[in-house]
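The chain below stands alone and is given in structure tokens; this is the form predicted on its own.
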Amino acid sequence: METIFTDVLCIGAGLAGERVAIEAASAGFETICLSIVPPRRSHSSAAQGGMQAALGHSAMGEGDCPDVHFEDTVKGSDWGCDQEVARLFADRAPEAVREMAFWGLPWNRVVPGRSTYFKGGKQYEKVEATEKEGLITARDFGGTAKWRTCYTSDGTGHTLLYTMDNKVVELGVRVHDRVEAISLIHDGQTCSGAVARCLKTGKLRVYLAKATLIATGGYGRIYRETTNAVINDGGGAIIALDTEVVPLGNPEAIQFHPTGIVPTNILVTEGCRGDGGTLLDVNGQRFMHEYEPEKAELASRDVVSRWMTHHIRTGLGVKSPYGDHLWLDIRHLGEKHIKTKLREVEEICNNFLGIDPITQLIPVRPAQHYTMAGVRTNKDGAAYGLKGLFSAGEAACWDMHGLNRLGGNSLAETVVAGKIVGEKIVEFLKGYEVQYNTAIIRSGVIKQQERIERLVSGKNGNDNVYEIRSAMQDELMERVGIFRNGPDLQKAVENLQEIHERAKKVGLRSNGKGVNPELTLALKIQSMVRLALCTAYAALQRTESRGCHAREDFEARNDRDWWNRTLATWREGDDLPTLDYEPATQVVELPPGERGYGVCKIISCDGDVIGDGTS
């Protein structure tokens, strides 16, 4: 059995994982990143729109500052975030953007003089100041008071990741790609690394580390209709949940993005609407301004997704063989704008839909996009439950997003949290020594070897892993989607429990050797269903509506009873997660109030009812 020692083990080599690795390596600590794909193919590269930071350089961002960014983030979270973390994030974001520029990232820059922009389909004029020429500019995004989303056309994730990976190479960080961590090595108190499986040979190896980071992104692939890549199936959340002591924070917090294209669900960036694109119904009419007069298409993602779904429910969706959808119109932005600032959108539409967005409408509807849920950590990125375990990025519930994430705050979080958590890991490692317990390591390896042997030999059973995954995905789409209610959630929990029992009896059709996607899925399918159960069961218990969690039977946001965070752990032998709760925030800088968009019915902390449920 190959055993590899290192100071820091980063499970995941996307933006968050590599940013932590850079911080650790810069401080002289040996660092290894594990990745199931080559780093530059990480899902971070798919992010299009931009990275929020309060620079205030553009004319429409004038007067912006971290205080405004903080306030937007807290409101966007529907007061579900940790305000201490949101403050830390907003204050450090400008530093992170400038640092990426210093490393070579080609941010779009301010061009002085008069120019036009679109809002709600109408054209307006702005004047960029001469003295701001060449500074990093920004575009508009949903739920923000100022234009602060820094961008590189609509390929921001791509340029960020390539720049970050160049720095990783420069610092000599080792990246072991096509390797997947399948369990953490721990004694119930301290994490000391991971057991991993080579996806090329199928062989197991052990990584022993003083500090272990989970930065594997989200787990959108538990849903059928998702913008996530196929690699986002919850590997990091699974190995944390399997410890029985590390909780997932807010598993019910699942974000749907308004503009997944139909039928592939590939994302077209919020930058389309930020740059002035509009949503149209079957009659070619705008509708968002009727529901949200102030923000219209640029309300927060949870709000826009709900109104789009509501509009389709009223019979105003466009019929198609793939279900009803709506239209995204960016034609009025013009060929030059689309071919420069939205060029990836043009390529996606041409390549996957066979339509030209310069002259044609884009078919869109909400699709699962992001998990605000993740490995629960403190403000330093240290995971609850195990010393030496950390998490960052979408894999973590840090928790600056609460029950809804604003667009542009995800790319920003990967870099900002990566930097902050990296700094804290460096502090943790200074003077820290660890003794590895060979019995625990051996036991962990044997357990994984036996799991694989049972699957390959057929001792588990012969249920088809792909059919089980499909059943799980259908259940979540049907009953744990944008709108939720008690009877549907209860039925989802019951059905998922049955699917969970089936997942214990998976058998392989293949021989299990070498490159084997079936075995890879079979090793995690039971825990994927557990993630689905965490989502459905936590949603059933949360009897309020907050952010992305919209209960049709409990329409008010209930700050009196539910201004808290769900913590879900799973104990071996149980058929449901154990749910505990903690206050959403210990530091209250911005007391709960109205967001300024979305439904405004709130049960306040003292029990008063605010608003009438209209926006």
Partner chain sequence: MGRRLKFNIFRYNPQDPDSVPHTDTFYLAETESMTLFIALTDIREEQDSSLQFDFCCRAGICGACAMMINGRPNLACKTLTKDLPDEITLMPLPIFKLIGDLSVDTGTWFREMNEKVESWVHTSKSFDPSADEERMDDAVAEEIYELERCIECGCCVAACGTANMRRDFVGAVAMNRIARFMLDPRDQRTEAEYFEIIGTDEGIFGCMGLLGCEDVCPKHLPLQDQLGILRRKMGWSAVKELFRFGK
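Numbering follows the first chain given and starts at 1. What you see is a predicted model, and the numbers here were worked out from it, not measured in a lab.
There is another form of this protein, the form predicted together with its partner chain, and it is not shown here; the text below is about that form.
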Heavy atom within 4.5 Å of its partner chain in the predicted bound form: which of F483, Y432, Y466, W327? Y466
A439, I446, V515, V127 - the one with a heavy atom within 4.5 Å of its partner chain in the predicted bound form: V515
Exercise: G28 in contact with its partner chain in the predicted bound form, heavy atom 4.5 Å: no
Within 4.5 Å, heavy atoms only: does I32 come near its partner chain in the predicted bound form? no
Taking heavy atoms and a 4.5 Å cut-off, does P293 contact its partner chain in the predicted bound form? no
Quick one: does R41 come within 4.5 Å of its partner chain in the predicted bound form, counting heavy atoms only? yes
Within 4.5 Å, heavy atoms only, one stretch in 391 to 399, 163 to 171, 236 to 244, 114 to 122 touches its partner chain in the predicted bound form. Which? 163 to 171
Checking a candidate spot here: are A383, R560 and Y581 all in contact with its partner chain in the predicted bound form (at least one heavy atom each within 4.5 Å)? no
Are there residues in 80 to 119 with a heavy atom within 4.5 Å of its partner chain in the predicted bound form, and which are they, in order? E95, R98, E99, A101, F102, W103, G104, L105, P106, W107, N108, R109, V111
